[in-house]
Each structure stands twice: as structure tokens, then as C-alpha cells.
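Next comes just one chain, in C-alpha cells: the form predicted on its own.
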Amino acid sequence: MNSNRSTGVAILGLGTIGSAVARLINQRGASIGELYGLDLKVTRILERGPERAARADLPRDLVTTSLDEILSDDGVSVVVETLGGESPAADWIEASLKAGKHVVTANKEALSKNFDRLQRAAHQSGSALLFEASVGGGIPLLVSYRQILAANQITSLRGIVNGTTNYILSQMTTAGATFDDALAQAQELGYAEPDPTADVEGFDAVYKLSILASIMAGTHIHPDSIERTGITGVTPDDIASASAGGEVIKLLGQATLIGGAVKASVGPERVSADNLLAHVRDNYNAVELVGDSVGPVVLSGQGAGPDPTASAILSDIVEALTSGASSNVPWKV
């Protein structure tokens, strides 16, 4: 007889990431029950139709087209948002929080553009809003960030936060590939979307930096306020010139807290070969946080792909259910 606490999870959007989350919940369900006493199950799916349920090995009757049906379901404790884009995702995240549901999301665009109001909704409702997968893929970056914040003022952060562009630049550096060839390889591997604009023009990195900088500053740093340059202008000659100088080119997100104000930017930068970030290759990410007491802390791991993202989402689901709103980042409401 199963004595674990029955816990329902609703997934909004059963695309590549949503399907990976559902499969991972099924695979890890028994071990989660043993470790945490949770009988974790996907009980609702928000989709236009039932066809996608099959791709995640889920019953078709779990699919609904009504968000209200999910929010009124007392058996749903956690809403996982994997729709992408700002609208309607941001409004649906807020509505879920106000309905008393914990929310887990990987949606950096919705978060970065609406960070203040979503944080306010989480803190006022007493629900958890967790988004580990929105920055750094499978890296336990934000949970470490929250722990560091308890004893430190973060004064700066710097890092590689987009796995797609890092893969492209790595191929251009190590294999002599052109930008177009490296992009095509990234698309074949699933690191880049058919329309790669968000990645190669730096928008994705800006969204992620906005989230990190907002947590650092304790106030919303909107992505529109961040200087942005993509990698489409990086040429083989630029790569060769950097190499001749003992450097590599990386797309870096950087933010510095000076006198209570944040200066933030995203763009291709030359990095000395003796710097740790120079050796972060392919779809890996790495972020260096500098605290006033702890000093520099570097976290690295896979930053692109459905499996690392699903791993981070499942970890957030478990944290939301075991720690609740105490998992939220500090925020003034």
C-alpha cells in the first residue's frame, strides 16, 4: 500500500520540454516516492488537442483546453509552464500563483519581462515560483545563488548563459567551421531552433541575464535596459585573430552592481585562454558570481537540450513540494 502523499502536476504545453518533463516524472516517480514521500503524477495537460499526449506516453483524457479547469482542481499542486514566449505564459503563471498553485517554469522571456509582478504574486500568495531551468539549463545555478545571497551581496556576475551560441563559437574555434556550418550543426543536434534569431542575436542571453541581474539588485532589471550584441558578426578572421593573441571569443553576459545601480550587457568578448570561461565548450554554460564575503564562485554544466532542462524542472517540482514558498528568491513586495 502506497502511503506517499499524492501530488498532481499539471503541464502547460506538451512540446519538446513538456514531454521530456512528463517522461522524467514517470521514470523517477518511484525513487522520488522513496526519498521524499511524494506520489508524483502528471494529472492534467493543457494543450489544443489530445494528440501530443501519446508522445509523452500519457493518457489522452488528461488533456484539457481550459486553464480554469486546472486551477480549480484541488488535486493539482504544481503547475509546470513550458509554453515559451511572453504571452499568454506570463498571465497564466500569475493566475496559477494567485490560485494557490506552485509554479515551475523554464520561460526566461516571460520571467525577464514580468519579473516584478510574478515575484509579487508568488510572495503574496505564499506559493513557490521556481525557475532553475530558465537560466543555465541543468546547472543548479539559482539554488546556489539563493544560498549565496543569504550571506552575501552579489557584486558582479559574468558568464556563458546560452548553449547554442557557445556551441557555434566552439565549432568555429576548434573545427574551423564557418558560422553557417556551425549553426546548421547546432540545429541538427537540437541545440538551435529552426529560427535561431533569439539565440544568435543575443535575446535569449539577455533574458537570462535580466533574471540574474534582477535577483542581484533586488529590483527588476528589464531586458530592454541591457546592451545587446549577437554573434552573427563574428567571422573566421575574428576567431583567428583572437587565437593568435592567446584568446577565444565567447558570448558573455555581464552585470555589475555599482552604488545600487546595475550595469549589464551581452555580447561577444575576447577571453584569455588561461581563464576558466575559455575552456567552457559546446552546449555547456558557466557563470561566475562574486559575493562580498565568499568571493568568486563558478558553476558550470549543460545549458541546452530537453533532458538537462527537464532535470532542472523536476528538481524544482520536488523543492516546491518540500519547501514551498521558502524557496522563493528574496523580493520586496
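The numbering used is simple: start at 1 and walk along the sequence shown. Treat the numbers as computed from the prediction; the structure is a model and nothing was measured.
Beyond what is shown, the protein has a form predicted together with a small molecule; the following relates to that form.
Residues of just one listed stretch (170-178, 115-123, 232-240, 76-84) have heavy atoms within 4.5 Å of the small molecule in the model of the complex: 76-84. For G305, a non-hydrogen atom is located within 4.5 Å of the small molecule in the model of the complex, even though that partner is not displayed. Within this chain, I17 lines the site of the small molecule in the model of the complex, having a heavy atom no more than 4.5 Å away. Although the partner is absent here, D282 is not a contact residue: none of its heavy atoms lies within 4.5 angstroms of the small molecule in the model of the complex.
In the model of the complex, the small molecule lies farther than 4.5 Å from every heavy atom of G246. Think of it this way: in the model of the complex, the small molecule has a heavy atom of just one of L289, L46, L58, A264 within 4.5 Å, and the residue is L46. Residues R52, K108 and T309 are all found to lie within 4.5 Å of the small molecule in the model of the complex, as judged by heavy atom distances.
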